[in-house]
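Single chain ahead, by itself, as structure tokens, in the form predicted on its own.
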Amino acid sequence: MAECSKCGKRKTVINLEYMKEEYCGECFINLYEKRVRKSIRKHGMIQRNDKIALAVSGGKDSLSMANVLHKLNLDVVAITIDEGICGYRDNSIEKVRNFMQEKEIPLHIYSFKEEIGVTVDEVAEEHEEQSCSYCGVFRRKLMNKAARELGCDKIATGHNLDDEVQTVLMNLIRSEPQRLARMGPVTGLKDHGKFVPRIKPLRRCSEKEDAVYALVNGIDFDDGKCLYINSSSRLLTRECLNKMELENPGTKFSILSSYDKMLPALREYYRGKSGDIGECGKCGEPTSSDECKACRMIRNLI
């Protein structure tokens, strides 16, 4: 094994091809955490006295994010959503519980069955090909409701560099620029009293780096895959991006930087075109129509 490019003393644990450098565990942790802190400062993700909801699933990304923000001595609580997927979520929730007990972070678990009345397993019995869509909409609604009820100012998610760049390209391919305007380091086009903004502290950390950070820190994470994952377009986009990154290291950072330069113009344009945010007539959650998407989906299941 090669010696660390930074300290020249210890053996390396990761090769950062885009930097043409290799790092030992200690130096990599410092690099990773510094990058997260820089992203938070640059994009104004967190203000003084903010209470942060950590959206944690038990995987490498969300637990790495939770570990960094915990070390920053922020006011944090953890929220885990139990979608009701037997053989998948059960194990990851246990990982979350153990981590939060160790760090003494309050943990709140919300379930689809209790809050929405249906599990993903039940949805899949009739709509297996659409289960990911139902799950995503229900999870976002429940996470927002939970964070608001807990008095949180922001929701920190574990979206990494790969996630962000994949979504950028997918929205370009689908010709959905308004979705691009709603993305970014702090999500949303317009403010609403019931909407808790989402922040992405790991958006400049790759999936590989999240895994190495978790392993070096001894974080016990769940590496299982959802039983219903069927997003072939995302998988194809991921494969193409990884191939481009392999041949031209730094491609993912370049795409993200280009997107960040376009984001202010996109937001200014679509703020003027987007309607006002009101409240759903059935559940009271924020929405741009009379009925939120989650309630429409629930109605379709009945």
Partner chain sequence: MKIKIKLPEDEKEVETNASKVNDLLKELGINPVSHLAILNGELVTEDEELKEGDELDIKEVVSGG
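These numbers were taken from a predicted model, which means no experiment stands behind them. Residue numbers count along the first chain shown, from 1.
Quick note: we don't show the form predicted together with its partner chain, though the next part is all about it.
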{"item": "In the predicted bound form, the one of V186, L72, C86, I229 near its partner chain [non-hydrogen atom within 4.5 angstroms]", "value": "I229"}
{"item": "Option touching its partner chain, based on a heavy atom within 4.5 Å in the predicted bound form, out of E122, D163, E115, D153", "value": "D163"}
{"item": "Partner contact for C280 in the predicted bound form: its partner chain, 4.5 angstroms, heavy atom", "value": "no"}
{"item": "is_contact(H108, its partner chain) in the predicted bound form, heavy atom dist at most 4.5 Å", "value": "no"}
{"item": "Heavy atom of N15 within 4.5 Å of its partner chain in the predicted bound form", "value": "yes"}
{"item": "Contact test in the predicted bound form: K225 vs its partner chain, heavy atoms, 4.5 Å", "value": "yes"}
{"item": "Proximity to its partner chain in the predicted bound form (heavy atom, within 4.5 Å), stretch among 74-82, 203-211, 145-153, 96-104", "value": "203-211"}
{"item": "Within 4.5 Å of its partner chain in the predicted bound form: residues from 233-262 (heavy atom criterion)", "value": "R238, N242, K243, E245, L246, K252"}
